[in-house]
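Only one chain is included here, represented as structure tokens and corresponding to the form predicted on its own.
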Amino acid sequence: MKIRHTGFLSLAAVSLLSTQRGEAATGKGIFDEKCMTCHGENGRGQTPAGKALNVKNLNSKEVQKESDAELIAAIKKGKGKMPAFEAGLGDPDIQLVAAYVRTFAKKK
């Protein structure tokens, strides 16, 4: 049986990647407003507040190995000294922030 490549899968993959990039870009704006004070622009947590609170390095394997559901739950409900953001951010915005946090995996 010969399989013919129609280009549909390639187009779908490009579309999905474009959507993810768009979500991450929108998530960056929310991250900058709500998270950067502690986690810093690069996500490493080397800000005065981040050092004082001993925040997680968002670039770390420990954070990046968490499932999307775990990341979303941490943003929504808080974790350790990190406050909960569910009252100030809706589910769509929390998902956008989680998508942006995923981009830190590439910024070692």
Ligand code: HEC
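As the structure is a prediction and not an experimental result, all values here were calculated from the model. Sequential numbering from 1, following the sequence displayed.
The same protein also exists as the form predicted in complex with this ligand; that form is not shown, yet it is the one meant from here on.
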property	result
4.5 angstroms heavy atom contact with this ligand in the predicted bound form for K51	no
In the predicted bound form, G29 touching this ligand (heavy atom, 4.5 Å)	no
Contact flag, R44 vs this ligand in the predicted bound form, heavy atom cut 4.5 Å	no
This ligand contact in the predicted bound form: K81, any heavy atom under 4.5 Å	yes
Stretch 42-68 - residues with a heavy atom within 4.5 Å of this ligand in the predicted bound form	L53, V55, K56, L58, V63, E66
